[in-house]
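Shown here is one chain on its own, the form predicted on its own, set out as structure tokens.
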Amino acid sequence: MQASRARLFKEYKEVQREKVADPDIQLVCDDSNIFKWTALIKGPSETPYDGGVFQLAFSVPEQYPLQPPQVRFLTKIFHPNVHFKTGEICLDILKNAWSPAWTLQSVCRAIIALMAHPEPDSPLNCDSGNLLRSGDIRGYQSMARMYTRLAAMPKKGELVFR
């Protein structure tokens, strides 16, 4: 547990330094629990998520970095690899392809990449996956854009990224 705390403190310091370096990710540690983090990520450009800001919740196990964090979307998103109700994410690095070399910041980058390149063959959201598998790209993009507008677009005057 001490090693995981030390690793998380190191990542915390790196996140403070990288705030300007990665404008698409804002990672924040819970004030009272180093094992709880939240992130705001910007939807990738040229995708139906462009313009959206999505909130993620991280629950980091005491065995971190030997075990991956549990990450889920708190913001509703229409994506084949994200469970619509729970926000659970189907991503290999969060399961069997985890490596201690990954950081919370790099997990955020991987999730942004997944948003831009969905994997419809392993869907948690069957409706979204079926649209892509059947070739209905327009239908998928239309639904994803609609949910981005409804759930992830900052309200007028709302400050999202610091």
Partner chain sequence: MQNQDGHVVESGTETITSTKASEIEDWANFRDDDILQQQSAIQAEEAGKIPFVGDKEPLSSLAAEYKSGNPILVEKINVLTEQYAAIRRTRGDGNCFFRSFMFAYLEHILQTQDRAEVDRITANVEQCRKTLLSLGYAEFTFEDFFALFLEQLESVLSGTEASISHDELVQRSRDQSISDYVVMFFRFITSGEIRKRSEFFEPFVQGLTNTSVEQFCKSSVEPMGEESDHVHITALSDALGVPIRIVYLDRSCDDKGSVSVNHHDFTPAACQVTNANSCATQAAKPFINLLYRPGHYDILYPK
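What you see is a predicted model, and the numbers here were worked out from it, not measured in a lab. Residue numbers count along the first chain shown, from 1.
The same protein also has a form predicted in complex with the partner chain, omitted here; what follows describes it.
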Given that the partner chain is not shown alongside this chain, does residue 38 nevertheless sit within 4.5 Å of it in the predicted bound form, heavy atom to heavy atom?
no
Answer yes if any heavy atom of residue 143 is within 4.5 Å of a heavy atom of the partner chain in the predicted bound form; otherwise answer no.
yes
If we define contact as a non-hydrogen atom of the residue within 4.5 angstroms of the partner, is residue 95 a contact of the partner chain in the predicted bound form?
yes
Does the partner chain get within 4.5 angstroms of any non-hydrogen atom of residue 55 in the predicted bound form?
no
Which of 111 to 119, 128 to 136, 25 to 33, 40 to 48 lies within 4.5 Å of the partner chain in the predicted bound form, heavy atoms considered? The stretch 128 to 136
Just give me the residues of 69 to 89, first to last, that have a heavy atom within 4.5 Å of the partner chain in the predicted bound form.
70, 78, 83, 84, 85, 86, 88
